[in-house]
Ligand SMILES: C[S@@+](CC[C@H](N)C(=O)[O-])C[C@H]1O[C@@H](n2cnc3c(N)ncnc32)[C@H](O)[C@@H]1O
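A single chain, nothing else alongside it, follows as structure tokens in the form predicted alone.
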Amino acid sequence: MSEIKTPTWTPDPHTLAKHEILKRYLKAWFPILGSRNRRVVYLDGFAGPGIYEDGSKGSPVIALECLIEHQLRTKLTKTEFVFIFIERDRKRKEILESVLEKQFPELPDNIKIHVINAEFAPTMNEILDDLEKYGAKLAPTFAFLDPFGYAGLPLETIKRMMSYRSCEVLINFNYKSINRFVQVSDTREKVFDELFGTKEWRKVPKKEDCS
């Protein structure tokens, strides 16, 4: 999916499929990790507005419902569940806050929500920097990373997250968008260097070089 300029949009079948995968995974992940740890974190790095034009639920709402409506939730009351929703677009962030307030007016005491208007990578790196500064560890974390296109998802940040035990990442790797733009522009080299975590990708011949 390329960058979307409007606050909300209509979900395509691919988006609905991603959300179904997310839902099925979290229904197992929350009770397993929640029964073994005092704190669990769900992080959505590109949260969006939380709702689509046709009323379909966005990933933040889906994630919260997976926990709140879980048949085992009453057995997880001693675990703190922290939901971090990062959205760089101010308008989408405001819509998300409104949607969450409407959908979940009264949350259980052990569920905390943080909506952050910022870029994913700088925010995540700041969190990890603070942990390293004080010698702390990242709580068991599930990160859903579904960017608009391919920018803003440096592999180095993912590597830092995955260095912690019990940190899992679900990434939507938009290879079609990557293939399209890597063929037509040399100005995105730095973005692709960060995405792949190396400059070795530059050795791959472009289509015109293979003709």
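Quantities reported herein were computed from a predicted structural model and do not represent experimental measurements. Heads up: residue numbers just count along the shown sequence, starting at 1.
Another form, the form predicted together with this ligand, is not on view; read the next lines as being about it.
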**Complete:** In contact with this ligand in the predicted bound form (heavy atoms, 4.5 Å), from 80-88, 67-75, 128-136, 103-111, is stretch 80-88
**Message:** Even though the partner isn't displayed, in the predicted bound form is residue 30 close enough to this ligand, meaning a heavy atom within 4.5 Å?
**Reply:** no
**Prompt:** Looking in the predicted bound form, any heavy atom of residue 164 within 4.5 Å of this ligand?
**Reply:** no
**Message:** Under a 4.5 Å heavy atom criterion, is residue 46 part of the interface with this ligand in the predicted bound form?
**Reply:** yes
**Message:** Can you work out whether residue 34 and this ligand are in contact in the predicted bound form, taking contact to mean some heavy atom pair no more than 4.5 Å apart?
**Reply:** no
**Request:** Scan 147-170 and note down the residues that get a heavy atom within 4.5 Å of this ligand in the predicted bound form; none is a fine answer too.
**Result:** 147, 148, 152
